[in-house]
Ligand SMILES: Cc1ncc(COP(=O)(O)O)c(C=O)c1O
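A single chain comes next, written as structure tokens; it is the form predicted on its own.
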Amino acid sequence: MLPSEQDLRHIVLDLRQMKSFAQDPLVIERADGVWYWDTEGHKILDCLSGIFVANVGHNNRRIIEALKAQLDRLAFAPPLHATNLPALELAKLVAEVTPGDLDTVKLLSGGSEATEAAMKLARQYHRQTGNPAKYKVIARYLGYHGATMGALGATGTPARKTVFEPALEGFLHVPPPTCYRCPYGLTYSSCNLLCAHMFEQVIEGEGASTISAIILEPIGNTGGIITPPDEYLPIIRDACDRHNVLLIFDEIITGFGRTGNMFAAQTFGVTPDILCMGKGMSGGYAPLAALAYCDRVADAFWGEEGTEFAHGHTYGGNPISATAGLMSIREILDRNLCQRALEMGACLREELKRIEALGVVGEIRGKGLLLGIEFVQDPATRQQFDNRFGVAVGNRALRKGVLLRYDPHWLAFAPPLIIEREQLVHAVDLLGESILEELKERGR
């Protein structure tokens, strides 16, 4: 049974106009595996992992039973005075599965907390290592790093930030590696990766003595699954090393098997100084996020009173959330879901080629089970639709029973890593039907 419009006046969803939502609401009642059911009994194939979260699938009994057992032992520990066993185990496991020497872990409860904490960590690190003027952060246009004010400062997506401006001071932006639509009008690889070298141009232009960190998503979500060339991240890593700038990877979306490795840092072979994680970390079974940072950074906070990281959140290291994280990561490891993401990602990419024949697919991009499609009116000219074609197609697909991430010019697949080939085929079939129906309505 659907709620009344009056019932819906009491709740506010993320980034949704509630007046229009109330006219055609979607209320989820239950989930299992890769499926949702709404209150009307409609079955929806979850090809977005909820929102890049349910990596190990819904209704995972191993995780649920562990959470029940933990509730009987300890639900909350005093964060200013003590830690707890699940938090200790989770921090150790995260240190084991992250690349390089990212061996120090700060547990948090959400992605915005993680990116905000990472930038604060960078500022305090430089202050405590003799470089107090290093406070600026370089990020990318079209990037999204969270909803809090510091995270919004790093965000380069106007629709998410302009209504809250002026943002905090000290954030700079460069264009992203959108090779399909190069902001410089160049062509890969004769471009010499100008988009990567621009970070160093900004560092030098601002003065390296003022730059604390670079923050970026290895694969950008809000710009349309922006996937860089292999040379891109190594160039930025090298610039950071030469100018004493910390490199922060925002892996809230790309972490925990999504790209075919536990982290996209491993997929691209580049280790950051600070790695932000969340979403799939707990599989959606409890709010959870974290930072993992390298020994060089950790050493600056280990020792005298007053040098500790001056940051905290009430639910950081919560035993229930930590248990969810432990069990979710163990599921990924025990079931080899990183490899499965590679295999099913290859399958999905092959299936998506079927819809190229419809004449509106400009590019298919991404890694593992994070794939995006850019829609164009004409693949030869790359001319975009001018009236939210991607949103219209995504809405049609949802009505047919497949949940995707969609924007005016693109949509994305990010299903649970446990998805089967037959389910991917079904999803692409429904997507193809949705595209054809939308084209017919537009007279094509």
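Just count from 1 along the sequence shown to find any residue number. In this text, all values refer to a predicted model and were calculated from it rather than measured experimentally.
FYI, the form predicted together with this ligand isn't displayed, but the following is about it.
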(message) Please pick out the stretch from 252-260, 98-106, 298-306, 128-136 that is in contact with this ligand in the predicted complex, where contact means heavy atoms within 4.5 Å.
(response) 252-260
(message) Residues His58, Gly283 and Gly325 are flagged as a possible site; in the predicted complex, is every one of them within 4.5 Å of this ligand by some non-hydrogen atom?
(response) no
(request) Answer with one of Pro319, Pro175, Gly110, Pro229: the residue that has a non-hydrogen atom within 4.5 Å of this ligand in the predicted complex. (result) Gly110
(message) Just to confirm, with a 4.5 Å cut-off on non-hydrogen atoms, which of Gly153, Gly362, Gly372, Gly146 contacts this ligand in the predicted complex?
(response) Gly146
(message) Residue-level contact is defined here as any heavy atom of the residue lying within 4.5 Å of this ligand in the predicted complex; does Asp273 satisfy this criterion?
(response) no
(request) State yes or no: in the predicted complex, is some non-hydrogen atom of Arg140 no more than 4.5 angstroms from a non-hydrogen atom of this ligand? (result) no
(request) Verify the contact flag for Lys279: yes if a non-hydrogen atom of it lies within 4.5 Å of a non-hydrogen atom of this ligand in the predicted complex, no if not. (result) yes
